[in-house]
Structures are given as structure tokens and as C-alpha cells.
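Next up is one chain by itself, shown in C-alpha cells, the form predicted on its own.
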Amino acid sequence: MPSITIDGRQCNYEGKKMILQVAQENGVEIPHYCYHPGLSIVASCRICLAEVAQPNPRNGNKLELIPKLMPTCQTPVADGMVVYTRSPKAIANQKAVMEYLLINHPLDCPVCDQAGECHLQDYSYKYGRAESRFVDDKIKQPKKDIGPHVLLYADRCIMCSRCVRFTKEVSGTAELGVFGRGNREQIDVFPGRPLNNELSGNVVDICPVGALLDKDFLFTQRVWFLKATPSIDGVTASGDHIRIDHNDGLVYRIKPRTNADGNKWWISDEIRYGWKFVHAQERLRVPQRQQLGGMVECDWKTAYREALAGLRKAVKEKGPGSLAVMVSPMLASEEAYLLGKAVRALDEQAILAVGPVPVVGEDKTFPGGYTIYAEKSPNARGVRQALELVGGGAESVLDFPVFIKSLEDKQSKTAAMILTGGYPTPAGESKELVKAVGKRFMVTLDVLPNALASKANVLLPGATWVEKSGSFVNVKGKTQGFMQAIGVLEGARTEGQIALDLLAEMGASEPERYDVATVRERMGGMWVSGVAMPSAAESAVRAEMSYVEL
């Protein structure tokens, strides 16, 4: 395998790559600002310059030092090349670049949202001078509102042009450009064209300094207080890899995680800001039951007994096939499996159905390859596959339109049902379902109040995906696990725990706590897209390693 040497360390590589890319693959740090693996290479920041010696084929392949510093982000590697990033000449360049960048940069780290994860801040300690030699007044650039989600602090900008290249190459919308010359040069939007594309929040992620900031996160939390939990997109069918940043039980922001086979380095604004329903004031917090024509609050024990009494009554009066469970595609596969098991424990012929799958518009693929999917639920395929495991085959599970028709059929035996929701917006609600349910006995598990919840005989407050662990199957059929980020809202319970509680209450199993690893072991015969659900032991190890892809 070909290799190069960087600061005395041998680094192997494959294919055609640049020095900086090989260094990153081998864990060698070379400072850089303008380079990003998802964007074109412009070599404009110049801090990655290094001394390079490479074999000269015209001189017997003897190592010869290139007489000038070379940009490691733009210099292709050659077998046997030797790179010096800590030589006196390279260090002098790093210090000079840092000094130039900091000449007009404001000293506002204490009030900057980027503090704590700022490359300029980090590199000033590692590669900069101990003190500034600049004594003149700094040039002050304006703060600008450039779009619905992004603020531009122009005086912090180091002109790396990452954001400009992103809007040209990835989103294809080209709202941002470089205007002016010299020390008056700055990033700005074109007149009348705000930064308002569906991927706009990504420019905040790729900005190496605090020039582009997220309005939603602005001044809300110091980054060193945040805990990061790897997760999966829980509002669309994309299966994008995300990171949930939270503290003291509150989510503060969602960022993309690098996923070469999926979303790469990006997420849509829909995913980035779609978690707000998690902390909505109207979240359901207490079990409720129908009494004298209205909903009244009750404890969980009473709610479970009321629910089972109604379900058992339907089976007793109507016989087998009188129960149904509709599992929302917002729930995890493990929860769908447990809910199916709970209903089939009461009625061996109970109907198993997948809830409504919201579709908004059409799939949209951007020039950079990122796709926003029209399907707005994370686990329609996983729910179906889990229910098929319970029912014994594909024919045993009804899609939502077929389920509605079965309820509307005058010959329908369905007298009672368990319905689940968890949708972040009214897009998941179905007027057809509200009408089709009629006066049947209904136990509803949901997170937000809606028309269906108001008709429930028993209403049980559920949990959002950030409050539990499980797995989703995305639009491409890929099974991916996610981890619990914050605790379940006080008074609510995960749908998996509710299913286990119902099983225990009816005497079908011993009381137990919902544990994803244990459920996955019970689902050991379930294969999804050629990937077996892991054992409890494997899940425990992966959880410890924060490994979320099954």
C-alpha cells in the first residue's frame, strides 16, 4: 500500500487523495479553514501550507524539497512523499496567517455562540502568537439578518467561503456571494434574495468561526454544558444521522452527523427545527378517561384497568376478530412489536394495521446529492415489518387505507381498538379515521391533543423519539438504531412501556421495564433488509460505544 510521511509518521492511503485528506484519515491534525470534504477545494485560507519533499522521477526518485510551501488541501499525494507541518518555515506561516485573521477579528469570545467549538479560537492557542502586534483600530463590519434562520456577524468572518460554495454546489440556490475587496471584503446575500432554502441551516454547521449563527440557538446555552446523543431523524423518512444536543432534560439543537452512505454532512431545516413539539406546552402529561361525556384525568392504574375492561368487553360480546391495533409510523419497531403482542394476547385474531403515513409534496434532490423526502414519518416500513412478525406474514397487516375501509364496512366485527399517534404536526392526523372510528371503544396513545384523542375512551400520554431508544427503517429500507437523549416527560410513558404494562396487567407476563435490547432479543427472528436485529448483549455493547447503526 502506498504511503507518505507526515511529521515523521507513516500514513497509508488508497486512491487519489490530497495530503490533508490522508492526514485526516490517519489522525494527523493539519490546521485548515476553507477545506471541507463536501465542498470544492479553493486553498484560500493558506493556514494548511507545509513543506513537501517528494520523489523526483527524473532524478532517480530522490527526495527533493519543493522550494515553496504547498497547500496540503490541494496537493495530491505521491508514494514516498514527506510532509513537514511543524518545520520552522511552516510554523512561521501558521503564525502569520493567524495574525492576519485576528487583525480585525473582534475580541468577543465571551458573548459568541461559537465559543467552545470555534476553530479560530482553538488554532489561536495552538498555532497563533501569544500577543497581537496590531495597534490600529479594527475595521467594524455590520451584523446582518440574511434569512429566516441565520444571522451573519460579518466582522467575525475570515472569508473561508465555505458558505458561498455550499449555496452554489450543494443547495444550488446561490444566495450568498463575496462582495467588496481587500479589508472591506465580506459575505452577503444578493439584493432581494435572502438565505431561505431548505438546507440553509447547514451554513452554520460548516462555518469554522462565529460568523454565521443560528437564530434558534442564539444565546440559549453554552456549548460546553451540552450533552450530545447520536440519533436518527425522527420526523421524516430519510433516516438522516443526527446529533441531539441537550442539557438538564431539554433539547437545544439538532446537528447532522457524518454519514457517507446517507445524508453525508447535511440535514434539512425541516429535520433541524422539527423537534420543537418535544417541549410543546400542550404535550399530554396525564392519563385521561371518558366520564359523563367528558375527559377527566386519572392515574395510570385506573387508565389501564379501564382500557382492558373495554377491550375485554368487546372480545366477550363480539368474539375473536373484534379488536384492532393501529401503530403509528412515528413509533419504533420494538414498540410496534410489543403493541401487536399486547392486542393479540387479548384477541388472537385482532386486526394489525399501520397508521397514516403523511406525504407532503414530492421528493426533492439538490445538486449536491442531498434528498428531502416527501414521506414525513420515520418508520412506516419498520412498523409494518414488526407487525408482520407478530401476525405471521405480510397478509396479516393492513395498510391505513385498507384499515379505514375495514372500519367502514357494515359487516365489520371491530368493536374496540388501540390507536397510536405521535405526529409532530396535524399532517399525520386523519379526518377519515376520526369519522370511521364512530362510537367504537378506543384507547389512544399520543403526545399531543387532537381530534382523535378527544374522542378516546382512554387517553394515554406517550413519548417522542428523543425520549426513548429503538430502531427505525428508513425510506431505503435500512434499519438504524437510535438512543434516548432525554428523560420521558413527567407523567408520560413510552409506548413500549405502556404495551408491557398492559401485558402485565392482563396477566400475560410479569411486570418489567421497557428495555430495547431485551425486546430486540425477543425479535431475534426478524430480519430487515438483510440485517438481523442484534442480541441484548450486542445492543448493550453498541449503546456503550454510542454506535447507532444496526
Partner chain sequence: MALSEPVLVKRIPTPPWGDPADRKYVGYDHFTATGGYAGLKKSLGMAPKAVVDVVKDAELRGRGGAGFPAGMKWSFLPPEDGGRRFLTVNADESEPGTFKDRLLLDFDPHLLLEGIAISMHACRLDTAYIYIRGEYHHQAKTLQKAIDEAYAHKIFGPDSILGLINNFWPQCYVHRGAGAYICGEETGLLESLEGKRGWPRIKPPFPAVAGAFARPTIINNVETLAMVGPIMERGAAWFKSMGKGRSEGVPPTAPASFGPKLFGVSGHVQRPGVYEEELGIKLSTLIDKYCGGMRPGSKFKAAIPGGISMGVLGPDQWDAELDFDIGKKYSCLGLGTAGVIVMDQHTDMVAVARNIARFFAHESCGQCTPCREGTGWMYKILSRIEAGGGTLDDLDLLLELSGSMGALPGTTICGLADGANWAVRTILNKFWAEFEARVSQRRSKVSLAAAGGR
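Residue numbers count along the first chain shown, from 1. Note that this is a predicted model, so its numbers are computed, not measured.
Below, we refer to the form predicted together with the partner chain, which is not included among the displayed structures.
This chain is displayed alone, yet in the predicted complex one of I146, A453, L101, L419 has a heavy atom within 4.5 Å of the partner chain; that residue is L101.
For the residues Q349, Q74, T258, T173, the 4.5 Å heavy atom test against the partner chain in the predicted complex is passed only by Q74. Taken together, the three residues E395, M483 and G524 all stay farther than 4.5 Å from the partner chain in the predicted complex, as judged by their closest heavy atom. Looking at 56-64, 516-524, 42-50, 496-504, the stretch with residues near the partner chain in the predicted complex, meaning non-hydrogen atoms within 4.5 angstroms, turns out to be 42-50. Residue contact check for N183: one or more of its heavy atoms lie within 4.5 Å of the partner chain in the predicted complex. By the criterion of a heavy atom within 4.5 Å, L69 is counted among the residues contacting the partner chain in the predicted complex. Within this chain, D137 lines the site of the partner chain in the predicted complex, having a heavy atom no more than 4.5 Å away. A residue is said to contact a partner when one of its heavy atoms sits within 4.5 Å of a partner heavy atom; R133 meets this definition for the partner chain in the predicted complex.
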